[in-house]
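Read the single chain below, which is given as structure tokens and is the form predicted on its own.
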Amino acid sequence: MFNVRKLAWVGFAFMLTGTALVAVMIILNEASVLYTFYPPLAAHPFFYVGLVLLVLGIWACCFGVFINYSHWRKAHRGQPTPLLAFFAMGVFVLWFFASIGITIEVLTLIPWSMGLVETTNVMVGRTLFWWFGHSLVNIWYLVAASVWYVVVPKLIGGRHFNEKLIKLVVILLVILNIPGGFHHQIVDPGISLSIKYLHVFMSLAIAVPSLMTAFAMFAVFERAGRRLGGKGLLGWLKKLPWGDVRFLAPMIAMIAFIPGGAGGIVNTSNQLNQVIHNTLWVVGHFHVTVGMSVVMTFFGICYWLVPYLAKRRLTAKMNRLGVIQTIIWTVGMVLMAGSQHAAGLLGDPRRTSFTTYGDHSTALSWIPYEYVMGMGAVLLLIGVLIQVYAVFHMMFFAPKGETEFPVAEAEDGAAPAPMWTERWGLWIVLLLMVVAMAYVVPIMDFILNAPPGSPPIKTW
């Protein structure tokens, strides 16, 4: 255990150093490559070195989790892994294998950015980035889903749905996630239609565990509401603790994932993607999926995890402030993301400075939506400030006391998950098979039939 804890601190040190290097390069205007840092845009070599250190830190934490899991399995033979630990295993398995692509990309970009290599293969770099880029979002989603499945039922006085289903959702999300990255390149030349079709199919396959989650969670809500006396078709809804920020924030996050998932289907579809690619629609989409589904879940976590760690209690006053913050954030995100979706459908591009394109009528039609985006952004800033205040208050000024770490129990008489769900070696082999099926052929094609490479390009 000591070695694992030491490994975690080593990983933290790597990540802290890497983040500092990356941040310094951005502040010095030596890394104008934004989040999608693939070629031909180039940053300072230290930017890429920082990314390498960041990944090494992640890998150190991954190996720590894997070692801990192995020790637990040996000490508890024949016992199913606790649900939160199973989610953690899934998250770090996905972290490790998703980060392999970005590691290879960054290692090839370091000598290129230093001028030691004249050109780089742009298509290989883009593909390796999206091997990682799309999975990163779903790593956050998997963490949020662990709270939906395991914590939220306890907060509403219910039980979790079914251990077998929950673990199967984790397994499917881990196996199916990485091959979905190509839908970010669906308009790229040099990729055959058959390969694009394969990746569209794989991207849409993620809908299966997502729909399983929707079914399971609303079943949990209804059962809990009816236990509390809810009658009629929808009477159980009124019995849920809507005034408890620990439930309200993740509940709105779950509801937001419905339109977020629908927007993802649009992004993934070949024909529909032609309409919205590189427009503000895409920005609106990830504001819904990340800014609401993930971030609001994390906000909700703060209101029980911070008091738990600080040995303090959540007061009624702070709970009310949390409800207000949740509402402000929700309204702000609806205004911002909704207007971004609408402006994107009208052709408003992403990643560009403001311009009216010579007062063209189409560009002028975007301006009202951009005003609404600004209004939403102001509300989001207010929401962030309230959240920061709430966290510091709960850490240092809330009344001393004990706060429960909420973990839901199974229904009475429910069978434990079968032991085949614990076969992570098998799930990793299946993951590698699916990744190989999705990436080996196109990447080899990009290498063997490579177009002329690109020198480093800096926009400013």
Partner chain sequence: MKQAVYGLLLYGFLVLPPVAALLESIMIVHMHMQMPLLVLSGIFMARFFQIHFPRFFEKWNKNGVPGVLLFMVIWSYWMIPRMMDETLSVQAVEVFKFISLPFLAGVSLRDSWSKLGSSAQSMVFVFLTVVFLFMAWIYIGADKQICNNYLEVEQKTLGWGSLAFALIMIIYFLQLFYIDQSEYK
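Since the model is a prediction, treat every value here as computed from it, not as a measurement. Numbering follows the first chain given and starts at 1.
From this point on, the text means the form predicted in complex with its partner chain, which you will not see here.
In summary, among the residues M433, V407, A415, L28, the only one with a non-hydrogen atom within 4.5 Å of its partner chain in the predicted complex is M433. With the partner omitted here, the residue from Y197, W242, Y371, Y357 that has a non-hydrogen atom within 4.5 angstroms of its partner chain in the predicted complex is Y197. Of the stretches 215-223, 69-77, 175-183, 344-352, only 69-77 has residues with a heavy atom within 4.5 Å of its partner chain in the predicted complex. Proximity of E422 to its partner chain in the predicted complex falls within the 4.5 Å heavy atom cutoff. A residue is said to contact a partner when one of its heavy atoms sits within 4.5 Å of a partner heavy atom; L34 fails this definition for its partner chain in the predicted complex, lying far away. Heavy atoms of M395 never reach within 4.5 Å of its partner chain in the predicted complex, leaving it off the interface. In the predicted complex, its partner chain lies farther than 4.5 Å from every heavy atom of A23. Contact residues in stretch 433-452 (any heavy atom within 4.5 Å of its partner chain, taken in the predicted complex) are M433, A436, M437, V440, V441, M444, D445, L448, N449.
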